[in-house]
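This document opens with one chain alone, in structure tokens, the form predicted on its own.
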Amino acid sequence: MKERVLLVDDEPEFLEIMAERMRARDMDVTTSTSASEALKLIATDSYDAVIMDFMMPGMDGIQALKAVKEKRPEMQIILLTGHATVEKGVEAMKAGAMDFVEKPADLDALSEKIKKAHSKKAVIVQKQTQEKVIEVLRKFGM
């Protein structure tokens, strides 16, 4: 099964190259050049992983991460940055990022993280579904 990935970065050349390389690995990749556009895509579609640039104009990766987690807590987000610091990494993880990766990202390592995101999301969605079924059964006294 193909992993569905949303790749978000304000650098169109980076997006094009990464998306092409990820598609070559049989991933279903959607791209976005802004956090606000990505939030619209996430509101209407489901992705196994969102790979998002930490520094973007308008809304940065941390703000976007928090907005996504508020509406779609099951979404697995990996932040990319060209200027990694321990403080940024800690901030990202506290905000709910699955991982924090420094550019240029090693595609083999990133692919493994995407597969883990896919599995983690599947477990979360299954648990949410079970909780909804139990809630409905209780509601009807079963």
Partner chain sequence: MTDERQALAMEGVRFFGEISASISHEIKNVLAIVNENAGLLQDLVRMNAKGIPLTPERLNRAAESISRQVARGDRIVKDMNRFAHSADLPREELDLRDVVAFIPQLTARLIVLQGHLPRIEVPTVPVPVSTNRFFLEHLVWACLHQALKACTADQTVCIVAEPVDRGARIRFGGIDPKALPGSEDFPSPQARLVAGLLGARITVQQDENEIHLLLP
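Keep in mind it's a predicted model, so treat the numbers as computed, not measured. Residue numbers count along the first chain shown, from 1.
From this point on, the text means the form predicted together with the partner chain, which you will not see here.
Determine which one of 112 to 120, 66 to 74, 99 to 107, 37 to 45 lies within 4.5 Å of the partner chain in the predicted complex, judging by heavy atom distances; exactly one does. Going through the listed ranges, the match is 99 to 107.
So in the predicted complex, does any heavy atom of residue 95 sit within 4.5 Å of the partner chain? Residue 95 lies outside the contact set for the partner chain.
Should residue 56 be counted as a contact of the partner chain in the predicted complex, where contact means heavy atoms within 4.5 Å? Yes, residue 56 lies within 4.5 Å of the partner chain in the predicted complex.
Given that the partner chain is not shown alongside this chain, does residue 13 nevertheless sit within 4.5 Å of it in the predicted complex, heavy atom to heavy atom? So residue 13 counts as contacting the partner chain.
Can residue 20 be called a contact residue for the partner chain in the predicted complex at 4.5 Å between heavy atoms? The answer is yes: residue 20 has a heavy atom within 4.5 Å of the partner chain.
Suppose contact means any heavy atom within 4.5 Å; which members of 65 to 101 contact the partner chain in the predicted complex? Those in contact are 82, 83, 88.
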